[in-house]
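Take a look at this one chain, the form predicted alone, written out in structure tokens.
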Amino acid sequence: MEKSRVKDIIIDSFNELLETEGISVEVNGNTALMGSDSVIDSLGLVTLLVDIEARLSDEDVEISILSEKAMSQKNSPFLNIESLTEFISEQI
């Protein structure tokens, strides 16, 4: 799967989550997924990751984003959309 497709899936999922929460922000690669700059909380992040896994599964890509490898990385893959895109692309 191409990296651009992975990023599209993440952005689509994030936009849907924001819509259900009634949040309106411009989403791009630098959009924070966690920390003080994020517009979602930790439950929102978990919801987002589960949705991304489901969307990838629909495209025959089986991956566990919340893995020990993800949690043990020096630089968290959950900082922003770009870092998550990189991490998922590497796992595929």
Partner chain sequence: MSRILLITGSRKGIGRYLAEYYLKKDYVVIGFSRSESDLTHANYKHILLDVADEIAVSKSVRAIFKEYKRIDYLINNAGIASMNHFLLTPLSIVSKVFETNFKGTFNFSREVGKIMSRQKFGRIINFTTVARPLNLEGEAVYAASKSAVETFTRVMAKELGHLGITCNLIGPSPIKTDLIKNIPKNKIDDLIQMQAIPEFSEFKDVSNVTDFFLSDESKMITGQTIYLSGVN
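Please read these numbers as outputs of a predicted model, since none were measured by experiment. Numbering follows the first chain given and starts at 1.
Form predicted in complex with the partner chain: not shown, discussed below.
Novice: State yes or no: in the predicted complex, is some non-hydrogen atom of Ser57 no more than 4.5 angstroms from a non-hydrogen atom of the partner chain?
Specialist: Yes - in the predicted complex, heavy atoms of Ser57 and the partner chain come within 4.5 Å of each other.
Novice: With a cut-off of 4.5 Å between heavy atoms, is Asp37 one of the residues that contacts the partner chain in the predicted complex?
Specialist: Contact check for Asp37: no, nothing within 4.5 Å of the partner chain in the predicted complex.
Novice: Taking any heavy atom pair closer than or equal to 4.5 Å as contact, tell me whether Ile63 reaches the partner chain in the predicted complex.
Specialist: Yes, Ile63 sits close enough to the partner chain in the predicted complex that at least one of its heavy atoms falls within 4.5 Å.
Novice: Please check if Val50 has a heavy atom lying within 4.5 Å of any heavy atom of the partner chain in the predicted complex.
Specialist: Contact check for Val50: yes, within 4.5 Å of the partner chain in the predicted complex.
Novice: Going through 29 to 47 from first to last, which residues have a non-hydrogen atom within 4.5 Å of the partner chain in the predicted complex?
Specialist: Read in sequence order, the lone residue that approaches the partner chain (within 4.5 Å, in the predicted complex) is Leu43.
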